[in-house]
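Provided below as structure tokens are two forms of one protein chain, presented individually as structure 1 and structure 2.
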Structure 1
Amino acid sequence: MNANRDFIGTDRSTAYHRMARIASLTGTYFAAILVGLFAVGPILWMISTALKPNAEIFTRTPVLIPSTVVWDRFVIVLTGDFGRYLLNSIIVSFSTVALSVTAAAMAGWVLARYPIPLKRYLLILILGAQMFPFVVLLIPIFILVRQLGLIGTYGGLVLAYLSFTTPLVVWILRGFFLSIPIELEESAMVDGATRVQAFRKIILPMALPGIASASVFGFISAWNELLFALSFNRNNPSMHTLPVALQQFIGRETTDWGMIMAASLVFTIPVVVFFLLTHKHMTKGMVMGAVKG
């Protein structure tokens, strides 16, 4: 009799745990779906607005699924001057990332390895450069770029973007270099490598996750920048980047929201592609940072 009671009690306990596990999984998936909809919702609305006729955009009752699909906006974006603006943004952003990562890798390695005098204050100074709003930096950087004769050129924009991307990348890469044991460099130097060769052949390959993470942050910062691009290239429309080009759909009396959404989708694609290219290394870098604590 007692054995039967124990069996029934064990069976109920197992069923209870099974139901609790199912309820927990259901709640987890439900929460994940809600978070996914919250993240994807704006993108779906952007796509819907880009494909709607104007009559369904300006309505009191929101319309998610358009009754008639309008492709003309994408044709205008892809065949007009937006191709030039897209090329300008790609050139400036990738050049900024390449130069900032190159400079920041060397600076971050030096700050992580060498006992530089007043290093703490130098790090505070680098971090302080990130605290200034772009409006404060605009006038001195504009004067510098004008004196160099780089107004209305790719070089002027890249130089301006380096002022706010490089400090952030230096901080990110310095943290990754600190997480790499210095004994690896010392072993390579014992085997006959110079310090620079040890950095190039040992440290840089191990820091690829950090470089990928820093590249994503630098690319997004340069890709979305508007103030410098608008100020430096105001008199040279052929040098406008995509954030500046998006403003042409905003007028004093009306705003073409359909064109803005279509252009914004094109504007987003290179960022997604760049993220997918660096996603593997970036995820590895985040895991390494979590393990290092």
Structure 2
Amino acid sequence: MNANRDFIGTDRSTAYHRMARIASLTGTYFAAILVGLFAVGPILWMISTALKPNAEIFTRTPVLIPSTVVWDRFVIVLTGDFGRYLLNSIIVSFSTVALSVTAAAMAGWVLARYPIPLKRYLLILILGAQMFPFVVLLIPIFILVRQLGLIGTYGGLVLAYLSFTTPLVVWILRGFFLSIPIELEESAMVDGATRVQAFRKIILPMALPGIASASVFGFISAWNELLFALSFNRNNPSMHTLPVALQQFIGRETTDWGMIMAASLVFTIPVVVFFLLTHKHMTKGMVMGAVKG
């Protein structure tokens, strides 16, 4: 009897702990599933809508998994007008990246290595520039681009995009150059290299991961940009980039949701792929780089 009661007593407390643990674990998994659904649900829904036949799109009881996969929409997206918008987006984004990363690699290195007068304020300016609301820059830049006769050209849009990619990319690259020991440059110069040679042959190759992630960062911000592209080329469809085309499409007709989702997917996929490849650097660039200077 006695022994039995003791047994029950200990069993009750371990049972209690086990129940508490199971309850907390169940809660954790329940929350995890909820968060996971909230995060990816819309993306899955975009993919599902883009792939299913119209009969399964326009139904009051949603069909999650398409009965047959419809690829036609992607053919139309890539060969029709959207092909043109895709090309515009690619040209503008790549030109922006090429120009801003080249300029920023040189500037970032100088800012990391040289004692520049007022450097402190220069860095604050670069950091602060990321915070500027685009609409403040939009009107003066629009007037400038229009007076230069560049409205309706790739150059006009690239010029506008340099306004927000350059400060960002300078900031990221400066951080990368700071992490490369200066001794490497010095020893190359002792061996007879000029400072430019040391930069080109020793430092640039070492900063390649940084340059890659800065490029991705610049690419994504140019690829996603709506405000400037809309303001510059609203009435000039041949110059639309993907965000403008999608915005205009949804503004004009909100009926062909399968096509809208297919086009959105083509627009989204490159960004998500690039993003996942470099997001670790990005988070660091935005928080740690910003916080720790």
Partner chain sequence: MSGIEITTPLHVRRRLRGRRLFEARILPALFLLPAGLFVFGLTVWPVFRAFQLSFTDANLAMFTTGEFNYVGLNQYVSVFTSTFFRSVILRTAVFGIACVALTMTVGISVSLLLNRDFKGRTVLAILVILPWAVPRVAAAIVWQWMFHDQFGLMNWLLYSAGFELFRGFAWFNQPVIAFTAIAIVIVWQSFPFIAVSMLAGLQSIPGEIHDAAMIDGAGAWQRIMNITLPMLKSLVLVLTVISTIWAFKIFDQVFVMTAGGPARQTELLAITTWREAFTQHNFGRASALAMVMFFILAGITAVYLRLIREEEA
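Structure 1 provides the reference sequence; residues are numbered from 1 along it. Superpose the two forms; the largest set of C-alphas matching within 1.5 Å is the rigid core. For clarity, every value in this text was computed on a predicted model and none was experimentally measured.
Colleague: Quick check: structure 1 or structure 2 for the form predicted in complex with the partner chain?
Modeller: Structure 2, which is the form predicted in complex with the partner chain, differs in this respect from structure 1.
Colleague: Once you overlay the rigid core, does the Cα of I43 travel 2 Å or further between the two structures?
Modeller: Comparing forms between the two structures, the I43 CA shifts at least 2 Å.
Colleague: Y29: how big is its Cα shift between the two structures, in Å, with the core superposed?
Modeller: For Y29, the C-alpha ends up 10.5 Å from its position in the other form.
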